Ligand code: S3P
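Take a look at this one chain, the form predicted alone, written out in structure tokens.
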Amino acid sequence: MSGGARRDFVIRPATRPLVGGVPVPSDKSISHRAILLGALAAGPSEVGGFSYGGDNVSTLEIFRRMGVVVDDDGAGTLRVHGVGLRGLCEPDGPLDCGNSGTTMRVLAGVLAAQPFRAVMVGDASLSRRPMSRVAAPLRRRGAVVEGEFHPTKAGEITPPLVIGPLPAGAALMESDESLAVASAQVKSALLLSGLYAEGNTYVREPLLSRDHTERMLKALGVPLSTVASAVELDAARFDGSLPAFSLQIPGDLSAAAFLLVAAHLVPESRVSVRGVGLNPTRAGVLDYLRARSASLTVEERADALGEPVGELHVAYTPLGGGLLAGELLTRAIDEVPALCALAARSRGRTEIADAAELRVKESDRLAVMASVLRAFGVDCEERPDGMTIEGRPEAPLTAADVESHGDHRIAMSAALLGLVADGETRVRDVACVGTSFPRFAGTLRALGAEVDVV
């Protein structure tokens, strides 16, 4: 669900439990990296389970623009004809990242080492997002990265990003970075630039962010070592080539989180989600639910290029509030809007802290989610780095008419709240949901919810 005329969700209160077993779209983070690593590999790679979400399609089309041939059967199976680390071609115009901050920041690490100039652009939302966090460390290792000056923040830049060319005969230098804020995107950009560098790449984070890039590079034989939240790429032991691979992309745990929350909102629900990625650096939402005594079973069944994969089974259980902060918050950063919806129906108070990062996502998710909660009659107090939410577990919430603000996670979280409201709820401008969960409404309908797209 993307592009075209404006679309809204219309949600009616649930009159029966949500029951069934469903898949979810493939993991966005792994999909980005599968396309990128397949493009840089020496030979054709097979990638299955591609979901055609808007963000991942942006990454796919960008590599096509740089000369990578991708055969697509239209049903989620791609054959990516890798051109090797040095085989990308100069694009004939700007590279459109759409709404995808991951595409722009992670790809910056690859473009930083190329002998050509590339310009990355995005939509209105992405064009407001800060990029110094990735540009500055790349510059320190010798890359040319420029952007637009931020209108209000001195020293900050925003897209378009102009990267390269790396001067003839030059190479990226050793990099030793201690990130002020844990960021998988910045860490990935530095590690990918390290594939081209003459010296080692060291990245340290205050807390361990998601480690998909490390797992996949290790599985492809790249000499990486990790200790706690620090990672090193040993350039001297890297042979300069990535092998082709075969990968079935796991389901997206962030998408599954909305279904897990839905099952905890509607009494007597029983929901299973198949083929989900269970990477522990992404599994904060599962640990948060366990800490609330949720009825949750996790069955690990497979491994996909270093990524654990399995099934999730959840049954409705009344939950209490609690604290979401620190290391747990880092591992559940994308799931915070969904967990705000859960907090609205939990007993007592839920406190979210250490989440200032959410103010520079597709929307200011703290401010927007607080406004959505209040529209449904839920008391909450917004703070600079989080919020407190007073649960209303007994009476139905107040039916609302709310805006998505162009943010897919806000749109889906508001739809969940509509399941336990006292009348029909409308969530406006939901085409953005296509970036991560194109069949969200249909999946809820398959479980028994009454959700229309109008």
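All figures in this text were calculated on a predicted structure; none of them were measured in a lab. Numbering starts at 1 and follows the sequence shown.
Below: the form predicted in complex with shikimate-3-phosphate, not depicted.
shikimate-3-phosphate: the contacting residue among 311, 357, 96, 90 in the predicted complex [heavy atom, 4.5 Å]: Here the answer is residue option 357.
Of 218, 383, 133, 128, the one that lies within 4.5 Å of shikimate-3-phosphate in the predicted complex (heavy atoms): Contact check passes for 133.
Heavy atom of residue 214 within 4.5 Å of shikimate-3-phosphate in the predicted complex: No, residue 214 sits far enough from shikimate-3-phosphate in the predicted complex that none of its heavy atoms falls within 4.5 Å.
Heavy atom of residue 333 within 4.5 Å of shikimate-3-phosphate in the predicted complex: Yes, residue 333 lies within 4.5 Å of shikimate-3-phosphate in the predicted complex.
Proximity of residue 182 to shikimate-3-phosphate in the predicted complex, heavy atoms at 4.5 Å: It does: once shikimate-3-phosphate is placed as it appears in the predicted complex, residue 182 has a heavy atom within 4.5 Å of it.
Close approach of residue 29 to shikimate-3-phosphate in the predicted complex, 4.5 Å, heavy atom: Residue-level check for residue 29: yes, a contact with shikimate-3-phosphate.
Segment that reaches shikimate-3-phosphate in the predicted complex - one of 21 to 29, 426 to 434, 7 to 15, 441 to 449, heavy atoms within 4.5 Å: Among the listed stretches, the partner-contacting one is 21 to 29.
Residues in 288 to 314 with any heavy atom within 4.5 Å of shikimate-3-phosphate in the predicted complex: Nothing in the stretch sits within 4.5 Å of the partner.
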